[in-house]
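As a starting point, one isolated chain is supplied in structure tokens, in the form predicted on its own.
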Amino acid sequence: MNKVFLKANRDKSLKQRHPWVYSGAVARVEGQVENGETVEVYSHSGEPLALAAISPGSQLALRVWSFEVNKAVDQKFFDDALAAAYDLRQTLNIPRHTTAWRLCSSEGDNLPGVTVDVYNNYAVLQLTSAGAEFNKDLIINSLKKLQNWAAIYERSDAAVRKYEKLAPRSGLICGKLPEDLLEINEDGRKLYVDIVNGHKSGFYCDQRESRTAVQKFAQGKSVLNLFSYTGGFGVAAALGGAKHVINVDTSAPALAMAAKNFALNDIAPEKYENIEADGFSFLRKCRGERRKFDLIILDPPKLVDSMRNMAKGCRAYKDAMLQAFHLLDKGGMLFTFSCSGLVTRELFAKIAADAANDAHCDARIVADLGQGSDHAISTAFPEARYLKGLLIVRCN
């Protein structure tokens, strides 16, 4: 096994079991390494620290598989790791509440770059790191051992693969896909999922608990659901007894799917409206028309994907919340989210506070929201807590 030595005093994070090493911390690599292969990682003084996948062309040079340096990264390693991730979800009783859930959450389950989402009896695999790609066959073998899947489908088409020098790839690995859309059941909400063409792995499983929260508070309310995708939050609101729901998204196909989801739940057409529009522009339009809502959901796509656009992205988050506060009646509720990992929970709360202040709004944060418990967060890797959410009530 090839060896990697770190620079002096650059091993602190590894000794705290953080799984990432950036290229600037690497002193030298011994031997010719292949993208994604497993290497032994040593401190500057020669102390063995970890076994990691190396990505020579990436700023994120090493992702740790194991801090047990005598452990082999082989078939048994992946068998044990995926089985542990699977068993954790069973312990949490996740499959009792939903047929759509995350089985493996990358670094959150000590498998960097490996994500597996489950829809009924279909597994969707996404590999986003060089190490995961290098060990693809072993990972698939381990996944097959967990249960008798109707199919395993690969969605390794995320843009982040380019940073690992990996081309996008998707396609059927084994089994047979359903002839039509998959119908899942999430806390009693029926929803269609397109695992071939949908966003991410086909659906946003991470927002399950927040959709349930919206359903809890929607009774009798007028609801504006922005960046609505296929209408998951809107369906939750309607099933919770909302007076009327408006879903807004730029994608006509997503709104067409939303209409199917509302029909699937027997929600009357007059109870909702789907509008193809930019969410930011629609907020301004509503403010110009002096419209008011009782409950607003802001769940935009990732607005900060690098430090270079941090300021721009934070301004966008603030602008959306500012407009939303102007549209809320007294007692109105704002569910606002950020899936940008670089935006901390503290920063997101400050953005919300600044928006409320500029709107001359007396507001209360009454709940801290985030990804579902199946999107595991390792105590050594707090970055896995990427989804931030706040439930804010306007009090004046």
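A residue's number is simply how far along the shown sequence it sits, counting from 1. These figures come from a predicted structure and were not determined experimentally.
Quick note: we don't show the form predicted together with a small molecule, though the next part is all about it.
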Task: Whether G36, T128 and E164 all lie within 4.5 angstroms of the small molecule in the predicted bound form by heavy atom - done: no
Task: Option from 242-250, 215-223, 310-318, 109-117 whose residues, in the predicted bound form, bring a heavy atom within 4.5 Å of the small molecule - done: 242-250
Task: Contact residue in the predicted bound form, chosen from E273, D278, D80, D74 - any heavy atom within 4.5 Å of the small molecule - done: D278
Task: The unique member of F325, Y122, W101, F227 whose heavy atoms fall within 4.5 Å of the small molecule in the predicted bound form - done: F227
Open item on the list: Can you tell me if K285 lies within 4.5 angstroms of the small molecule in the predicted bound form, counting non-hydrogen atoms only?
Closed with: no
Open item on the list: I'd like to know if R211 sits close to the small molecule in the predicted bound form, meaning any non-hydrogen atom pair within 4.5 angstroms.
Closed with: yes
Task: Touches the small molecule in the predicted bound form: D299 (any heavy atom, 4.5 Å) - done: yes
Open item on the list: Please determine whether K190 contacts the small molecule in the predicted bound form, using a 4.5 Å cut-off between heavy atoms.
Closed with: no
